[in-house]
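Listed next as structure tokens is one chain, alone, in the form predicted on its own.
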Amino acid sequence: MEVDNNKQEVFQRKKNAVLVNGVILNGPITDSKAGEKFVEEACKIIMEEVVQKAADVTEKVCEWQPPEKLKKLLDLEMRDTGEPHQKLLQLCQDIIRYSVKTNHPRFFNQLYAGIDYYSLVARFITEALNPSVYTYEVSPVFLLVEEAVLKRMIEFIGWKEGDGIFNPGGSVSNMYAMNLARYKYCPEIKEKGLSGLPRLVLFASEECHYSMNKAASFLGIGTQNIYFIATDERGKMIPEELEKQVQRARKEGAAPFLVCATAGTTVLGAFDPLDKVADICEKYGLWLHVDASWGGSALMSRKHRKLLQGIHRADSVAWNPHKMLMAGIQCCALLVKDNSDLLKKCYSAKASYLFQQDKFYDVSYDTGDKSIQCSRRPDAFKFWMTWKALGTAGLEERVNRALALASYLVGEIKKREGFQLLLEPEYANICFWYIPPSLRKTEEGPEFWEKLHQ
């Protein structure tokens, strides 16, 4: 009886088919039942092979294979016809098997690791809903979530008010800030471009993130117009050297417009002296941006926020909750002290098909015109879910624990033969040498360091 009903349904569908250029427009595009089954089985694999094994130290961090062999193992070729679900599920298992397990307890890589279950669920939800955060009408919940998260982050910086937006990476946040500072300095650049402008110069420490070079290149400022400021033995920008370079640029007839300080450098974990840098910025009328992509999370800790003393004097801040706060890559915010809609003025293109001003709700919630992107992921939701689950106290404990672990490691390094600490850390970056037995009685000198580097 059921078979007859199915045949009748197929016949009726064919009879009522709308055919255009050989394509049935009102027919099913995909087999939804089979699709649902595939998702269910794939989620089971993710649960068993990724989530449940996340804390298992007996599992491998990675089943390493050289590139050419891995290409053959994964069958990367895309064919004219689709492949059966069982083959796809096997591919899912293979991809997990040969990938680096960043949530593994023994995964030691730069600046992030571990699994946050709440952030993970948030990612599952956003991947399933597939939203784009540009207008309230298509993303009402996630726009409100982003607003709430930005508001709290602004409070932790120490500003009474401000603005901000989540971006795909701290590098992009730094580029946003550079462009925003330039727009503030010369608003006409948005329409007239670079021609006729003076030579713009910005300043950053020798230990700054390489994204400063990329941003200067991308924006047409030029990498030669970044004046890199000398740092002390701990990797901190020397304020006196900054002032000398600002004066040098002005004597050269250039136009200084921006200082990029760093709160938590990539290698040494150094925090530039923000108050002294801010004094110089105020004296010479320069925009102060703080790249706190790594170190910003210390603001959550009452014990360690002193590392960022003076950050409230910054004009903009980059802060990545996906690092120490484990919100899941990518989760990166640019925060701006300005509350005059500078972000929107700088980046707005006023696309009339998206940002109509006569909608049936408050269009100030259509924040997409503050972004250089059109489609944009709801990254703030990951951090929001984690924050809701752990509370501010839980996030503070996460920071305190990370720095306590760093302190413990320093103590262990000092006790063990063959390990040499480079400097006492002030953050979670521990820099040390491992000295092999063959060099432990060798006097330090050119020959010693040459052999150690081999």
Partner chain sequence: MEEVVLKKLRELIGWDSGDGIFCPGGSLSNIYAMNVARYQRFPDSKRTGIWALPRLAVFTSQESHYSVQKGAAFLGIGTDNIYLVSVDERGKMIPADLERQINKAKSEGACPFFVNATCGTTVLGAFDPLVDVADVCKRHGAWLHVDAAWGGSALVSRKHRHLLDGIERVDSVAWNPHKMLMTGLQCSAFLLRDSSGLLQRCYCANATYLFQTDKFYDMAYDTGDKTVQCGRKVDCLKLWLMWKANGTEGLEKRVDRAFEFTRYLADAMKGREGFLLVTEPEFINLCFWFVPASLRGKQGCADYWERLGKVAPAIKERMMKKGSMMVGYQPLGSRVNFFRQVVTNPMVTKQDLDFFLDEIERLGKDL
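Positions refer to the first chain, counted from 1. Since the model is a prediction, treat every value here as computed from it, not as a measurement.
One more form of this protein, predicted in complex with its partner chain, exists but is not displayed; see below.
Residue-level question: is residue 191 within 4.5 Å of its partner chain in the predicted bound form, judged on heavy atoms? Because a heavy atom of residue 191 falls inside 4.5 Å of its partner chain in the predicted bound form, the answer is yes.
Contact label in the predicted bound form: residue 64 to its partner chain, heavy atom within 4.5 Å: Residue 64: yes, in contact with its partner chain in the predicted bound form.
Does any part of residue 105 reach within 4.5 Å of its partner chain in the predicted bound form? Heavy atoms only, please. Residue 105 lies outside the contact set for its partner chain.
Report yes if any heavy atom of residue 175 sits within 4.5 Å of a heavy atom of its partner chain in the predicted bound form; otherwise report no. Yes - in the predicted bound form, heavy atoms of residue 175 and its partner chain come within 4.5 Å of each other.
Quick one: 98, 409 and 420 and its partner chain in the predicted bound form, is every residue within 4.5 Å by at least one heavy atom? No, the whole trio is out of contact, none within 4.5 Å by any heavy atom.
Options 304-312, 229-237, 87-95, 244-252; stretch whose heavy atom lies within 4.5 Å of its partner chain in the predicted bound form: Heavy-atom contact with the partner occurs in 87-95.
Out of 186, 73, 125, 354, which one falls within 4.5 Å of its partner chain in the predicted bound form, going by heavy atoms? Answer to the contact question: 354.
Only one of 220, 273, 158, 114 has a non-hydrogen atom within 4.5 angstroms of its partner chain in the predicted bound form; which is it? The residue from 220, 273, 158, 114 that makes the contact is 220.
Would you give me the residues of 340-370 that have any heavy atom within 4.5 Å of its partner chain in the predicted bound form, in order from first to last? The stretch 340-370, when checked against its partner chain in the predicted bound form, contributes 347, 348, 349, 351, 352, 353, 354, 355, 356, 358, 359, 360, 368, 369 at the 4.5 Å heavy-atom cut-off.
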